[in-house]
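In structure tokens, one chain follows: the form predicted on its own.
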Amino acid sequence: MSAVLPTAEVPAADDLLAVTEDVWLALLGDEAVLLPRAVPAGSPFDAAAWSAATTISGGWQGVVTVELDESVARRLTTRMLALPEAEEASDSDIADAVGELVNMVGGNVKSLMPGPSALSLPAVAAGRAAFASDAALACRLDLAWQGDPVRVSVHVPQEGPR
């Protein structure tokens, strides 16, 4: 876990972890435990990834992103959509599942911050998330699910959340 901007109006890493674990548990059940993963601050996500972002705007502004290893994204999708183990999830299915994941985490982050605020539709990509040049990392979780990397981040405008 890391928190880069020590301001009062960014989600605490412990709060981001709690909402991420709650969402993960709701989507995947009791056996799907996320574990902390030691990654040096400033390190890029170290996996072939799927990523998704959702923007919170209004009383508080920020961007919540989720980055997943390819194998995590496929297993997550298979479980979320209750696909047979032998059936491979399509890219469209993965995009839907990863988008729903960031939407749920983002909605929970929105509820922690001053409002009223609105949550954008998720943007999903097969690849790493890109950020606007005026966004700064506020909070980051590096986790592992069944040994593969998962990253959840919150970015805020460089002048801080409004």
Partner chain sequence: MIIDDSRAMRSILRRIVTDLDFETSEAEHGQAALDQMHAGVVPDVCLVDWNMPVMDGYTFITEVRANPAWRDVTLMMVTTESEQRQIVRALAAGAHEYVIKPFTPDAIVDKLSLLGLVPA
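Quick caveat, the model's predicted, so the values are computed rather than measured. Positions refer to the first chain, counted from 1.
Keep in mind the form predicted together with the partner chain is missing from the figure; the text below concerns it.
*For the three residues 72, 84 and 140, verify that every one has a non-hydrogen atom within 4.5 Å of the partner chain in the model of the complex; reply yes or no.*
Verified in the model of the complex; spot residues all out of contact, no.
_I'd like to check something about residue 43: if you look in the model of the complex, is any of its heavy atoms closer than or equal to 4.5 Å to a heavy atom of the partner chain?_
No, no contact at 4.5 Å.
_Non-hydrogen atom contact residue 33 with the partner chain in the model of the complex at 4.5 angstroms_ = Result no; residue 33 lies far from the partner chain in the model of the complex.
_Exercise: residue 135 in contact with the partner chain in the model of the complex, heavy atom 4.5 Å_ = Because no heavy atom of residue 135 falls inside 4.5 Å of the partner chain in the model of the complex, the answer is no.
*Is there any non-hydrogen atom of residue 38 lying within 4.5 Å of the partner chain in the model of the complex?*
It does not: once the partner chain is placed as it appears in the model of the complex, residue 38 has no heavy atom within 4.5 Å of it.
*asked:* Pick out the residues of 92-124 whose heavy atoms come within 4.5 Å of the partner chain in the model of the complex.
replied: Heavy-atom contacts within 4.5 Å come from 92, 93, 96, 97, 100, 103, 104, 107, 108, 110, 111, 115, 116, 117, 119, 121.
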